[in-house]
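Read on for two forms of one protein chain; each stands alone as structure tokens, with the labels structure 1 and structure 2.
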Structure 1
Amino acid sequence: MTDSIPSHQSVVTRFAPSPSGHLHVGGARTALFCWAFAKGRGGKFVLRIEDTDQKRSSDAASIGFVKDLLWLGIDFDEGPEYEGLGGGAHGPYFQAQRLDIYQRYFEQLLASGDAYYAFESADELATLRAEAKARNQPFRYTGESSRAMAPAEVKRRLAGGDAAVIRFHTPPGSITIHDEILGDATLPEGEVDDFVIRKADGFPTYHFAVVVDDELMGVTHVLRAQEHFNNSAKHIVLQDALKFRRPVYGHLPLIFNPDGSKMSKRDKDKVLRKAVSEKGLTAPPAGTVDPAIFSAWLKDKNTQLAIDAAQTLAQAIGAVLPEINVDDFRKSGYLPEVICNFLSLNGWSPGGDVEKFDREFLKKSFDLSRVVKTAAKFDRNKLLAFNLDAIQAMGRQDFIARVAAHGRDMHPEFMVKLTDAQFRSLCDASQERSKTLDDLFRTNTFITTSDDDLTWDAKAIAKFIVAGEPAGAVHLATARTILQECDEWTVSSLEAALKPFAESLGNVGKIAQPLRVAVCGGTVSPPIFDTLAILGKASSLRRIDRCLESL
């Protein structure tokens, strides 16, 4: 009865997150592996929403994370209907809509004596738990008194409206979990107590819903994060009692922050709190966050600011929040194919020194035997390096198209200020130095600043305009008169015009830096001739004039 599902049966995997507007990178990795495993074997990938927690049901309808999944190129065969995807014969795919299904199985277990009602309140249990903790003992619910309760008494209390949960009566004996990744592990008898399978509100607990749905949806392989490992024991005893098949389990190693802490949505909040306290802020900057919400948040470290509010506040105080969600990486200009590639490498590798590959390769190659047992620390540096490599490998048109799409999405105000020709020139000048699709927008704000609003960095002025013998300003003035004479304003013509003068000074740097500072306000920009060409003649001269006047 403990046999795994036979291999000739086609593979079905599932990704079963709580409803959320955003997909966490850890979740993305799990989804990716589930997807690759099923797809690579001609099987099905099912998406199921685990929304059995009514306390969090305010956003239960929110499955915004699906857009992140699709952005990554992870599609599903069955699941909630979403933009033409989803549906399927095993729905509904929201657990909250499957209550009648669970009820049948509750009744089955109640009838067979494998489950029973229990009337302890959450408070009572919390007290017992606290006592156990104080004694450094694990708390185990044995439920002798509940099970000893006469059926008539149970009926009476139920009829009287007493709050009750249903608990599963875990049979005696040790429980062995077979795991394709970790191997076998045996939990001694008594480790799994009589856990709750139906809450007082009538909803199933996670353990129960998972077991029923996996069976009904034909799930053959359960791939999930290692934090669920011990839960498998509960699922196994439930499957046995319900006479269900056992799926093959594979528990994936966790993904951590570089410092070893668990990567979580709260990391953003932590960074934000730190920035706020460093700045000594007691009230939110005007126009960012509601002051009442802000002070409530500040008071209670256990609360988190809503994601949008956190973002605006961070922006206002110049804090950079860590990327945690897939959407954060999208906004930062990472490519979805690179994220998939990199995520795959956290916990798995194809071997043979191969580490750059696409989703098709992953589908074909992914297998459980090469999944690593140890947790990985998420290395943003390496991700960034992969992203750079992918960008550099792109064709010119492809790069322009993708940067433009990113720009329309994330920086519309930037896009409207540039002509098509300017934008293409900027792309050409930026591709080889772009680590993300966002770099070009962040590092070239001088282009969209109007000529008369441009300000200069004092250090840059001191070093490249004021200093020198003769001063940079002198060369700048000379360069200006040369530029004035240029009728053709292209990269090559500008270079040709300025080269002789630059060489007479020794090297191009003598003139490039003063010019760069004058037209950009700082020391960093695309190559100087590209920069001048993109700005155009009128703008370039005007900026040089203003710079010279400002001295």
Structure 2
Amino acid sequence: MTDSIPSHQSVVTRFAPSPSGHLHVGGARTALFCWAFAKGRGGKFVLRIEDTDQKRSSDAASIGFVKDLLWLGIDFDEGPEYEGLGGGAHGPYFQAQRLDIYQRYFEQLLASGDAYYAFESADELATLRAEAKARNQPFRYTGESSRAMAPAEVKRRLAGGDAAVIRFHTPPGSITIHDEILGDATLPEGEVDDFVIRKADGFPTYHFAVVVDDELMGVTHVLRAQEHFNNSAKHIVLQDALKFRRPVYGHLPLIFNPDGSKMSKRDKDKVLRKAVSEKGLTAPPAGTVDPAIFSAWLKDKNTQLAIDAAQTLAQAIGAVLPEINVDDFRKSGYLPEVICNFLSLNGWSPGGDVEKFDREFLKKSFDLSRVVKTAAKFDRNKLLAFNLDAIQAMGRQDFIARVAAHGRDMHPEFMVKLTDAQFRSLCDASQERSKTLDDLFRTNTFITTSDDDLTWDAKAIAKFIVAGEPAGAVHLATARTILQECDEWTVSSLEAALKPFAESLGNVGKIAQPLRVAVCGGTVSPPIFDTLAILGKASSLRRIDRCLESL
């Protein structure tokens, strides 16, 4: 066995995602813990892109991961170059660009007899698996025939273009994994068979590339999800064969939904399918999803729509998809500092009943001794409460700035509709009731609807415009006459103008709700005088007129 990393060596951690889409919150939690562990000890945090699976990888996805990390405030000391960050002495940081490096170590293992070429086809391996299943035994690749193949025959077949992988010859004996979180575990002899380290396409497998990269990049501590725990056995035997030192391992608990199911992007598909079923849709709404793709999706529960198509369809039918990836939470208006705070509590505790803290506190406080072993439950209600508290605690200018930035990114059509003064007024009227930065935009769509396109909720019309004695429409018409005479259109002047009439009715709601329904289409908006001021005189009167005419 080779020596482990000496305790005096500077800490280096890494986060190595596969670029197959936006960053899952579980991956974000892993990155956050790796970052905090290294930064809190004066060490380095390395970002590495594991893109050797060419079918699942894309450059766009790689950039998406980087953007997600930086939005969370997780910077890296070494990694892909992006907006002034990254670079370093151990690059390149994309595994697909390191093939010549891996080849040197393939050749080393082949020369020492610790690895060999294997020529079995996919069909031959499938037959071996079926035979093992028929014997009610787990499939273990022995590699006896491949290892016994004469070197000249191997050379001849490679020269002839026969497809081959390279397998590692796992040495006999049990393998003990030491983990700083889970403790020691020993896998019996034969549990780890001769596994593939280079695929037929010439790319290394995850197991090989991660071992080589961790060594060459000086990684001292590997913190990753518990689903990788058994993989450590393969990594340990490779490290020993290559005479690499073993990093310190710490396997983090998985993050589950409250019902105990694993959080995954399939959760979105389940919600979308349920909404489609409840509405009885057999064809997609126009302009959402290609009908052929929609039909195939309906027939096969194992397929999923592309994320953009799923979001478009969900929006069209009023379905709210659960946030799974970091980008989902960003679009929903969660604050990155709140996400980091909340994710930290999913699998770790600072102790002392402390729950609210920032990234600096996490850096100073995070250690492996307080990481739990059992799966964490992702409590969305608690996250929303955290976000609400953070928004309520913001100063006015900070809230306006954060909402404006969110609006420019997510709702540009909204931002061009309002003047700066109108937007500030809307922020002032909305902060107390905003749980996310997106609430202001999501609950005030009446602002971006043109006066002539506004429609009214039938139940709201019945309750607040038609009902009553006299009917709400009568009060609305009187209020419209008063508003027509207002020369100054501000919150204070509008309130002063309508106050006497409201007092004469004995209940401000008798005029506030009819006005709200008329100008907004429903019963939810900022305070009515703020709403009128934001819309402006012309729009407010036009909407009241249309509402009255519709009766």
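The term rigid core refers to the most C-alpha atoms you can superpose between the two forms while keeping them within 1.5 Å. One-based numbering along structure 1's sequence throughout. Computed from a predicted structure; not experimentally measured.
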item: Chain form predicted alone, by structure number; value: 2
item: Residue 446 C-alpha moves between the two structures by 2 Å or more, core aligned; value: yes
item: C-alpha of residue 412 moved at least 2 Å between the two structures on rigid core; value: yes
item: Core-aligned C-alpha movement of residue 464 between the two structures reaching 2 Å; value: yes
item: Distance moved by the residue 293 C-alpha between the two structures (core-aligned, Å); value: 2.7
